[in-house]
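Quick setup: one chain, the form predicted on its own, written in structure tokens, and binding and motion questions come after.
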Amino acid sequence: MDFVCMKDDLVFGVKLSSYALGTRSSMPILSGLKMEIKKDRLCLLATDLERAVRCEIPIENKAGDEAVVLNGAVFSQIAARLPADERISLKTESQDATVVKLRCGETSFDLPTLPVEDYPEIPPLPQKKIASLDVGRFHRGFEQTAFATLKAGETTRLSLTGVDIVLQGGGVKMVATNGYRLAMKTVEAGEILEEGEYLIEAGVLSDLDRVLSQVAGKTASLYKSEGQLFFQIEGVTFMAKTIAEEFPDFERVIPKENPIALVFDRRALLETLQRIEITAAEESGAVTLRATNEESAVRINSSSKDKGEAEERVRLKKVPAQGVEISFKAEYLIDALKRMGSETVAFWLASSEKAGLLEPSGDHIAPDDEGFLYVCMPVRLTS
């Protein structure tokens, strides 16, 4: 192996690939970053078997095609701290390619390689494209849904750790739930060539979101294979392993009949909940909302033996059709309100025992809030 490339190209490729390094895996080879030379292109690959990143950059190839594997964490640190110079060279120093010499300006590194034959095969990009998606819309969809999942170590139900991506009609639905709350975001797709449903772990999508945010392109092309979904943009491919477990029937979870409308100024409600949460009981985190059909305000209170109690009135945009007293985990409402930008929100309720539906409302819904809704189960407090 013997090639020269622009330093910025290599640094960019190494940084993106590093998001898929298996640094916590029991398989040491997954901590490696694979470099494949094919003519005038260098392909950088990394995988932890749950995700994979493939990034191509142009090079000046001075030898034949070859592949080596370097310690990904070490190589990533080196790339981030290289001296100021436009070009960088890499060359195998031994006949059996056990050492790679890296030179940039006056700096050089001799880097040991890992066994290339032990590196797992990363599936190639499938030929059939199934959809295209605006990167900005994907980011907003991820931001407004992934927070509602559970982390992998918190449950044995894998479906509750993932975001369900549904390609249907002319739109993409992204849905997440932990069993007590559900966040859904519907965005327009550039095109959908094949409808489908794909459940992907939220942590994997978080790395995808980071990768897409650093690529210049605005549209990602989607491809699928058995058990995998691929996102391709500007010479960068991100592979995400799908979760085989079935996702809950979210359409049945969304309340359809909610006669009680509590319409709030979003920021006023958020700030009140953040204050009242301070005295909520540790075990439930619950705050109670009390509304009547005689007053255009809601009383929100919490109490606990250890912390005391608090109450605050929050003005409504209009008097509700009927009264209600209902409790929610404050954290769940705060999480959703923080991720919205609209001035006004509507909280739709049916009774003290049924789930509430929160969504942006009014004549001036923020563009980024279009297609967002949030369902939250109430907390049953014992007297």
Partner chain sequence: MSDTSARRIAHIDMDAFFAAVEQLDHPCYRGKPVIVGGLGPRGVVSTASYEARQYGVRSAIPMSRARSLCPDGIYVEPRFERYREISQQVREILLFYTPLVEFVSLDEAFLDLTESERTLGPAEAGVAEIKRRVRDRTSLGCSIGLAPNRFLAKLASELRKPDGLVVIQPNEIQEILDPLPVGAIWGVGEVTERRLQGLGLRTIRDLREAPPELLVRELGAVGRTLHRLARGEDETPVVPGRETQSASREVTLSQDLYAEREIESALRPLARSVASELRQERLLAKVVRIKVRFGDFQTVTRQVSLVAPTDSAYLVEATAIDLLRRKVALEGRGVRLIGVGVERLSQARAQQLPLFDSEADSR
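Bear in mind the structure is a predicted one, so any value in this text is a computation, not a measurement. Positions refer to the first chain, counted from 1.
FYI, the form predicted together with its partner chain isn't displayed, but the following is about it.
Although the partner is absent here, V379 sits close enough that one of its heavy atoms falls within 4.5 Å of its partner chain in the model of the complex. For E353, a non-hydrogen atom is located within 4.5 Å of its partner chain in the model of the complex, even though that partner is not displayed. A residue is said to contact a partner when one of its heavy atoms sits within 4.5 Å of a partner heavy atom; F147 fails this definition for its partner chain in the model of the complex, lying far away. Within 4.5 Å of some heavy atom of its partner chain in the model of the complex lies at least one heavy atom of T156. Interface residue among K317, R339, R41, K329, judged by heavy atoms within 4.5 Å of its partner chain in the model of the complex: K329. Between its partner chain and the residues S302, T177, T237, S76, the one pair within 4.5 Å by heavy atoms in the model of the complex involves T177. Figure note: of the listed segments 267-275, 207-215, 181-189, 223-231, the one touching its partner chain in the model of the complex, with heavy atoms no more than 4.5 Å away, is 181-189. Of all the residues from 284-302, the single one having a non-hydrogen atom no more than 4.5 Å from its partner chain in the model of the complex is S284.
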